[in-house]
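Single chain ahead, written as structure tokens, the form predicted on its own.
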């Protein structure tokens, strides 16, 4: 029984009739562009075939009634005002309704919804953005807000959902997560310019037209350290930007606007830590641009090499890797079908993302598991994924 069938059956049991609409949205992986987003840089990502599904139907009153099948938990609130909440999971759907109302006006009615997903939580695959997009798409499918769907309105919706997470939930995420889950396409990657919002879809296939597997390896190590270290890295990047603003004025907006030659020329005058953080960001932007060119040539070998170079830059210059993440990459390098791999997301814990020849994906996953155990690490969780389409409406079953 797949997610749609399970969510639809639970909706019937919970609300006494079939759902009117079923929406889904994928998780996402960051392929290249680690810690470039808040520096106005470039990022390459892809949707994956792990999803959040929302089965929904309209109500005749102004209440939103939610049932999380994963958590066996319920929530109820008024769509015109969200009172305080207790359970952490309710922040996200409440934030979506709040942000939709703030941006597009009052919802036409309340709604019932069942939420179910298989995006691993805490692995850096953006399960929260997947939930936000699926719920927003369900509201669209029910006609609760009036928004014609095209690429321009998708970007508007992505920024609205980002605001839900930034302001209502209180998580300082960039646009990449919401953008990726809304714009993803099958066998494709996405490139986003975080400074101006320009984007493009790129084929994620080899010269035979075959998409690779994307194997996510979860280190099963705590991500608690990542929050404080993430903020520290932002500050370290800002020290370099402030140095150049003092020289050139405040018109310099992003670290991305500097050139690598600037750093090399002024190396000894720069903060010793900040200059290495900045070097990672600037070389990472170069890797994203080179990665775009490689994908346009269907050159997955070069693209995979760039991913591995990204990990080395993260490990040495940005210092956001860890023993657990490095152990995963070391095991991956020895595994069959490996094209390239890197840490993903904030770093320090969480997961690595690996590009793997599709036919070798199962053998690759088995070899990585054995390699990590042989190195004395905890058994990793492994998810073999494919590049998948973005959020949309499915037919209820």
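Residue numbers count along the first chain shown, from 1. All of these numbers come straight from a predicted model, not from anything done at the bench.
Same protein, other form: the form predicted together with a small molecule, not shown, and the subject of what follows.
- Although the partner is absent from this view, residue 45 stays clear of the small molecule in the predicted bound form, with no non-hydrogen atom inside 4.5 angstroms.
- When contacts are judged by a 4.5 Å heavy atom cut-off, residue 340 does not count as touching the small molecule in the predicted bound form.
- Although the partner is absent here, residue 49 lies well away from the small molecule in the predicted bound form, with no heavy atom inside 4.5 Å.
- Put simply, residue 173 is close to the small molecule in the predicted bound form: some heavy atom of it is within 4.5 Å.
- Checking 329 to 337, 367 to 375, 53 to 61, 345 to 353 against the small molecule in the predicted bound form, the stretch whose residues place heavy atoms within 4.5 Å of it is 345 to 353.
- Screening 254, 89, 104, 230 for any heavy atom within 4.5 Å of the small molecule in the predicted bound form leaves a single hit, 230.
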